[in-house]
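Just one chain follows, in the form predicted on its own, and it is written as structure tokens.
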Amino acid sequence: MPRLKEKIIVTGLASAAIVTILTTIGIIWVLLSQTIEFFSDVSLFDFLTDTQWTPLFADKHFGILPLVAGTFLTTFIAILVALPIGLTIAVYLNEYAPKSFRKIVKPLLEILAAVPTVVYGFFALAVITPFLQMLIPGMAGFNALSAGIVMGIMIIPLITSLSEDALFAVPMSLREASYGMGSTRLQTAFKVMVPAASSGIIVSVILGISRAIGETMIVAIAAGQQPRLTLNPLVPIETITTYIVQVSTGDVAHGSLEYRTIFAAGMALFVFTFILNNISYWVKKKFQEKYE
């Protein structure tokens, strides 16, 4: 009887793994098949080099660069906000805060991660943008800056949680050795603990970037829908995810060339996140080999 239960459990776990693999293969197949069909009508060279993205206009251009620029601009702003704040909170919780305070604050941060992104989007549009317009006259109502800032707030819990776990996993002997050498708590935190936990911190940042690149509702609500090749955060932009939402919920004919653009854009997004996830895996594995 115990062996039968064990076989049932093993079969269930294997089935779950197979379902996950088949789902991934199915997603890749749908994206790839539609993308290949798209590139039978559109030049891959134009897709990668053209500086205009106007597939829904009469004068059609299929250059992905404006969408990539908007995606990475908002992601860069988000990381500029989330990394220093998230890392500071992680260091405080691990090095300074009492254990009772840490047990209260960390779950609260994780609750912040559960807030629906549409709420963040309306917060960016209704609160952050008007506040920034008071500080920066002439800033557009839809812009990359407010969307990026709120995306940064959204991924703070992710970076904080993973970084704090990495700091907590550092052996106590390193901290004690640092104090024994006469280091202050601040020196120990940032010159010993943070470097020792750098693999986990780097992975948290890369996962945060992946999360920001794939974000949809915040940029769809607050950043606008104007694809432009710019690094100016004060003007409306469009990201890859925003464009996919725009076409998916619009009146574009199913199966048309314009409709297939969402699969090409989705494949580009998949490639970016796939590369980032593999980089995070490689970094984690590299540091583990270094310290083993």
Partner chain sequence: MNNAVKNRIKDNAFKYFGIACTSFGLLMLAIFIGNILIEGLARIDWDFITNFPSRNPDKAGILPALVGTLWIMGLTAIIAIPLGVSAGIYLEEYGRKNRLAKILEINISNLAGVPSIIYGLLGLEIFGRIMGMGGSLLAGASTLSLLILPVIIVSTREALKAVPKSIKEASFAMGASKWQTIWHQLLPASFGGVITGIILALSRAIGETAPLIVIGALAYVPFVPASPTDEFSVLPIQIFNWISRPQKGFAINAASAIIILLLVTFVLNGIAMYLRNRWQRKVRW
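Positions refer to the first chain, counted from 1. Remember, it's a predicted structure, so these values are computed and weren't measured experimentally. In this text, the rigid core denotes the largest set of C-alpha atoms whose superposition between the two forms falls within 1.5 Å.
The same protein also has a form predicted in complex with the partner chain, omitted here; what follows describes it.
Novice: Should the three residues 85, 88 and 187 be counted as contacting the partner chain in the predicted bound form, with contact defined as a heavy atom within 4.5 Å for each?
Specialist: Checked in the predicted bound form: all three residues contact the partner chain.
Novice: Check residue 262 for me: does it contact the partner chain in the predicted bound form (non-hydrogen atoms, 4.5 angstroms)?
Specialist: Within the cut-off, so yes.
Novice: Counting only non-hydrogen atoms and a 4.5 angstroms cut-off, does residue 266 reach the partner chain in the predicted bound form?
Specialist: Residue 266 belongs to the contact set for the partner chain.
Novice: With a cut-off of 4.5 Å between heavy atoms, is residue 31 one of the residues that contacts the partner chain in the predicted bound form?
Specialist: Residue 31: yes, in contact with the partner chain in the predicted bound form.
Novice: Hey, in the predicted bound form, is residue 176 touching the partner chain, heavy atoms inside 4.5 Å?
Specialist: It does not: once the partner chain is placed as it appears in the predicted bound form, residue 176 has no heavy atom within 4.5 Å of it.
Novice: Just one stretch in 54-62, 242-250, 229-237, 38-46 has heavy atoms within 4.5 Å of the partner chain in the predicted bound form, so which one is it?
Specialist: Among the candidates, contact is made by 242-250.
Novice: Of the options 107, 171, 141, 195, which one has a non-hydrogen atom that comes within 4.5 Å of the partner chain in the predicted bound form?
Specialist: By the 4.5 Å criterion, the partner-contacting residue is 107.
Novice: Can you tell me which bits of 21-55 touch the partner chain in the predicted bound form, meaning any heavy atom within 4.5 Å?
Specialist: 21, 23, 24, 26, 27, 29, 30, 31, 34 sit within 4.5 Å of the partner.
Novice: After superposition on the rigid core, does the Cα atom of residue 23 shift by at least 2 Å between this form and the one not shown?
Specialist: No.
Novice: Any chance the CA of residue 10 moves 2 angstroms or more between this form and the one not shown, core superposed?
Specialist: Comparing forms between this form and the one not shown, the residue 10 CA shifts at least 2 Å.
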